[in-house]
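Single chain ahead, written as structure tokens, the form predicted alone.
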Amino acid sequence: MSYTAEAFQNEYLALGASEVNAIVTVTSTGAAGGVRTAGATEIIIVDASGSMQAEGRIGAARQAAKAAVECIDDGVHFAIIAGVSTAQQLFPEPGRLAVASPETRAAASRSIDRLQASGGTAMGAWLLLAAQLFAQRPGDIAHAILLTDGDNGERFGYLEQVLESITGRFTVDCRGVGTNWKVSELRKIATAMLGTVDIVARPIELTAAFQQMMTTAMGKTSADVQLKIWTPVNTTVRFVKQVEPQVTDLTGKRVEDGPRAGRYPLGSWGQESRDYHVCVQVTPGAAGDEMLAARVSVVEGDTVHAQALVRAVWTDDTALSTRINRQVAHYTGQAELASAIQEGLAARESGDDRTATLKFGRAAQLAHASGNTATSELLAKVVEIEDPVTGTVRLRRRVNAEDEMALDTRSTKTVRVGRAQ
């Protein structure tokens, strides 16, 4: 698998400045011929609680799970979990993983036909069983799909305990069907497990969503790629965020790796490109001083695939130090856009219309300025955008719950800025 890493920044700092920002673009060409460099294991977790009986959700979930199984490549290990008040392994027999083939996919499909809706919702238990099954295949590209239609029913704090114990072991893409589930709950899982979260408003849309997630997972060819950041003495990393294709803060996931170096997990990779915002704190220098502020490496185990350097040069030339780097400015705005939307939704829910209007107005302004038309369209279903340039909006009195949840789940999705800009 071939990787490149490229840093975009304005390395010139004003006298007295101590913060260095850079956008690091990591691109991989994928393994030769699309062949995985590691094995792969897939687990599909389907909520089978009693509420799934409503609106034909359980029937749609069966069809979606079977469609996802059909997308699993031969040779990939897999299992199906039925999620109720406990975690029940639906296929293969408890404690085992199947190896995908025409025969096992057909057997899994017959097992999925027996899936019935009854009982409660216990996401922590579901994830814990998945972790136990994944543990049988260390080193695999490990990915799970989790579908639910309601709130977690476990005691307060249990889900968080489970997530803390399993983070980094596999990735989880979460989907909520209907509008009776909590975005914050699934976002918590997706963030901890480096996955995605989204709404599937209508059960009929589940099959396409499952096929898309499984097809994407089958395109991953490397299991555990990391960003290793080294900084010199008296320099510290303030934050590391993935900023494209979606905003994910990796700062708290740092694992120390030798003197002045730490690793940040990026999850599994295929042929793709992602952007990361790296911010480091340095000791201010004199005019003409320059330093290497950070060395950013793309690593897999002990193998260094690519490196990018982040520099700092102090100058008294304001024309140089005030020059705005478009990549840094763009992604700073995209992160603010996500925050403005989530804060606006929270204010609206609490009845604080003034703050909600201000936050949504700022979001509309940022989305328009950055060309994020997908977010602009989602915003327009929640507010009337009178002038996107000035951020003038009015709250809509009636908003569909699915529109509000779609805006919330997709608020972290970003658009990439053109390199020539």
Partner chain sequence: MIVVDCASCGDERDAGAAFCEACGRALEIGGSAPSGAGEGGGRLGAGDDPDPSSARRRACPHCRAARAVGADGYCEECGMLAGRPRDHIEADGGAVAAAVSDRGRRHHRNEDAMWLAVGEAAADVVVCDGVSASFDPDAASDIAARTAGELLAAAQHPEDEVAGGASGDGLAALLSPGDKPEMSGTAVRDRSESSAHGDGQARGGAEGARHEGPAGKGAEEARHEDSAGESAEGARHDADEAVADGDATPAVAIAGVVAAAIAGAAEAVVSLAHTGDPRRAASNPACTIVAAAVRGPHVGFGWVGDSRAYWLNADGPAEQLTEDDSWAAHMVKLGADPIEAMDDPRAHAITAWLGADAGPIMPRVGAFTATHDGLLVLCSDGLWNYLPDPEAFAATVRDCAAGRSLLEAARALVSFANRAGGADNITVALVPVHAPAPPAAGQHAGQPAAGQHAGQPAAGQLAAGPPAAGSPAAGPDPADSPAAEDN
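Residue numbers count along the first chain shown, from 1. What you see is a predicted model; the values in this text were computed from it and never measured.
Not pictured, yet referred to below: the form predicted together with the partner chain.
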Whether A329, D353 and R394 all lie within 4.5 angstroms of the partner chain in the model of the complex by heavy atom = no
Closest heavy atom of R155 to the partner chain in the model of the complex, within 4.5 Å or not?
-> no
Taking 4.5 angstroms as the cut-off for heavy atoms, does R260 touch the partner chain in the model of the complex?
-> yes
Classify R114 as contacting or not contacting the partner chain in the model of the complex by the rule of any non-hydrogen atom within 4.5 angstroms, answering yes or no.
-> no
Decide whether E272 counts as a contact residue for the partner chain in the model of the complex under a heavy atom distance cut-off of 4.5 Å.
-> no
Assert contact residue (the partner chain, in the model of the complex, non-hydrogen atom within 4.5 Å, options A190, V299, M291, L97) equals M291
Exactly one of R202, R311, R254, R105 has a non-hydrogen atom within 4.5 Å of the partner chain in the model of the complex; which residue is it?
-> R311
Using a 4.5 Å heavy atom cut-off, indicate which stretch of 20-28, 407-415, 394-402, 6-14 touches the partner chain in the model of the complex.
-> 6-14
Those residues of 222-261 with a non-hydrogen atom no more than 4.5 Å from the partner chain in the model of the complex are W230, P232, V233, R260
